[in-house]
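Presented below, as structure tokens, is a lone chain in the form predicted on its own.
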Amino acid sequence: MQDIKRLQKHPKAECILSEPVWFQWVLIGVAVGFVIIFLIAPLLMVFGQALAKGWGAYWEAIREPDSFKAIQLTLLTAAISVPLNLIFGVVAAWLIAKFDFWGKNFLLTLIDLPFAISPIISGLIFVLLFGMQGLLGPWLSQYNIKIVFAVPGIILATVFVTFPFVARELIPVMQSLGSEEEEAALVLGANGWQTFFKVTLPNIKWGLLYGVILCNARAMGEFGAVSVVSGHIRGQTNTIPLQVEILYNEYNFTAAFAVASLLAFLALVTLIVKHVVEWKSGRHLSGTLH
């Protein structure tokens, strides 16, 4: 704060800290224009088209058997993949932030791998591994185990494309916290689980929640990888994004936008929760510094 005050007293501070009013309004106008064109307008279009024929047609499209199955499968996929990524993220972040070991940088690279690979390629990898003509396909067929073009394949693909989110949010948080508090707790007689739940978890809870929010949003909205491994079997392996594509290709626009509005609503809820978490996290960090 003192540095800022000294900077404001500097003879050139006015040039450094401010721009002409007209330039500020131009920047604001450009930002608002982008928000309206690329965010608000598409959302209004989705909800407007979804309700174009009234609430009755909207609920009928949502309750249609194939669409309802797609909603159930999406919720099931998220309910399985998010907790798995939560566990992996906490373990990976703890390992990377608290210990030095051979292969640490390689592990960090592996965590970022889904960010670097196209989701389509990710899905194709599982087909080459578990498909009928894949590496493990014949062995799985002997025991009548279905992974590709079935629910397990969808869950595996979703776990793969979403597992960096929790880990990547927690790693910098844990690194910034250090290990002094955990070491003090151990010296005072706490065991590993007590140290984690009483010391570590309260310090990382906002970062953890933030990662879970992002992970869940990606899990429910994933299209590319799931599209490859699902087989597009109506009423069985279609998630919400895949069901939207099918309905739209069949020119059933009202139903397509109705189902799509669920994902749009999820996006809005995610943004709101994300904002609340960031606000809470900022207050927590401010209180810690004071």
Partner chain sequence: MRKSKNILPGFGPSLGYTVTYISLVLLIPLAMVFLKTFTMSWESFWKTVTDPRVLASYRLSFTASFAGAALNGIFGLLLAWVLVRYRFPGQKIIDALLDLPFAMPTAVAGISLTTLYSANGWFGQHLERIGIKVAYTPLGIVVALTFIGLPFVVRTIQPVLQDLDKEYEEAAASLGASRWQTFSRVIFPALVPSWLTGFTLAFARALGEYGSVVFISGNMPMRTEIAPLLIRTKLEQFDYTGATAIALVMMIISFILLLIINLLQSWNRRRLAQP
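Residue numbers count along the first chain shown, from 1. What you see is a predicted model; the values in this text were computed from it and never measured.
Although it is not shown, the form predicted together with the partner chain is what the next lines describe.
Novice: Heavy atom within 4.5 Å of the partner chain in the predicted bound form: which of L201, A150, I121, L75 fits that? Just give me the one.
Specialist: Selected option: I121.
Novice: Want to guess which of 67-75, 158-166, 139-147, 201-209 is within 4.5 Å of the partner chain in the predicted bound form, heavy atoms only?
Specialist: Selected range: 158-166.
Novice: Hey, in the predicted bound form, does H232 get a heavy atom within 4.5 angstroms of the partner chain?
Specialist: Yes, H232 sits close enough to the partner chain in the predicted bound form that at least one of its heavy atoms falls within 4.5 Å.
Novice: Looking in the predicted bound form, any heavy atom of G56 within 4.5 Å of the partner chain?
Specialist: No.
Novice: Within 4.5 Å, heavy atoms only: does A61 come near the partner chain in the predicted bound form?
Specialist: Judged by the heavy-atom cut-off of 4.5 Å, A61 is well away from the partner chain in the predicted bound form.
Novice: Does A79 reach the partner chain in the predicted bound form if we count a contact as any heavy atom within 4.5 Å?
Specialist: Contact check for A79: no, nothing within 4.5 Å of the partner chain in the predicted bound form.
Novice: Mind listing which residues of 36-59 have a heavy atom within 4.5 Å of the partner chain in the predicted bound form?
Specialist: Going through 36-59 in order - heavy atoms within 4.5 Å of the partner chain in the predicted bound form - the hits are I37, F38, L39, I40, A41, P42, L43, L44, M45, V46, Q49.
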